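In the form predicted on its own, a lone chain appears below as structure tokens.
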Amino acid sequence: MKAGILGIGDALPPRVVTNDDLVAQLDTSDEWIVRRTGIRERRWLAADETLADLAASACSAALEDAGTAASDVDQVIVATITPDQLTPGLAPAVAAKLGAESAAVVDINAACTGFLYGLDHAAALVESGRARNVLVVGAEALSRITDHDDRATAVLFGDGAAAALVGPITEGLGIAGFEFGHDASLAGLLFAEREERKLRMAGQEVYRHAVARMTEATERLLARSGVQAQDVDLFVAHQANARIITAVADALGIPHERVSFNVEWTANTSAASIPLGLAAAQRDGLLKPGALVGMVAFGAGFVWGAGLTSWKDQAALSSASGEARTSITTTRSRQ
């Protein structure tokens, strides 16, 4: 049995924080922020808003997009580093708000790569027959662990949630494979301590490693899958920084018109970044059924990963496209 993405949905807090809102406090400028990061605004949760509500809204939208009832969800996987409480995790509250009373629930923490790990777990559950419908949601409230007085990082992070429903498909490629890696020796370059609870980052070093590892992981996955970069219809990289996304796309030879860019309006939303990009691309008409999608992320740990999937195969009209892409090897690899 193959697993594929059946639906996508997203949710952003109503509060918009522009660069101009931060300029006076941080002694910076809109021009400097845009030039260095590509970010113009971000969304932040208010003090009385919960991440669980935001994540549940994204899941509801994904279920509606897929035409599936919450009662049919077998498992809810939440990728986050910023749950509303230290414990319990976010997943039980999200499932309860959805009315997914019979679902198994679990949080995973792989920082910015969390959504890809969630997709990998969900695909394995569906492929093995242990579950039929699995919700994977990336949800973050990074504004709550940002040092808002640190000029180097205060402009970078935003809040948001987006979810994908993973289920069985009868034709097409589906969720094809992943390439994961990690290097704990460099964990001190991007972290948040339990006591201080503020993100700390060595920006230039993180930039260098992010570009190298994201490029390498994507190249390995494409080579193992028998796919050329030009075969990828849409490339969705973790939206940490526009310069990183551009550098990785250029290294892979992927034209910018095939690359998802929404960091301008969302900033870095960690585990929510890739699914937010997928949801935006579908809304903008950039994702058609059967499209081949490459995904890649890099984050704290260091942990990184790349994934390859086709988009909503069950709705694809072209059998020829489906037959061509089923030749791609379905594999998973970890370093």
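Residue indices: 1-based, along the sequence shown. Quantities reported herein were computed from a predicted structural model and do not represent experimental measurements.
There is another form of this protein, the form predicted in complex with ligand UT7, and it is not shown here; the text below is about that form.
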Task: Options 50 to 58, 66 to 74, 294 to 302, 279 to 287; stretch whose heavy atom lies within 4.5 Å of ligand UT7 in the model of the complex - done: 294 to 302
Task: ligand UT7: the contacting residue among Leu221, Val105, Ile244, Leu98 in the model of the complex [heavy atom, 4.5 Å] - done: Ile244
Open item on the list: Just to be sure I understand the contacts: of Leu234, Leu156, Ala249, Ala131, which is the one whose heavy atoms reach within 4.5 angstroms of ligand UT7 in the model of the complex?
Closed with: Leu156
Task: Contact check for Thr28, Met201 and His238 against ligand UT7 in the model of the complex, heavy atom at 4.5 Å - done: yes
Open item on the list: Using a 4.5 angstroms cut-off on non-hydrogen atoms, would Ala210 count as touching ligand UT7 in the model of the complex?
Closed with: yes
Task: Touches ligand UT7 in the model of the complex: Asn268 (any heavy atom, 4.5 Å) - done: yes
Open item on the list: Even though the partner isn't displayed, in the model of the complex is Arg40 close enough to ligand UT7, meaning a heavy atom within 4.5 Å?
Closed with: no
TODO: Would you check, heavy atoms only and a 4.5 Å threshold, whether Cys112 touches ligand UT7 in the model of the complex?
DONE: yes
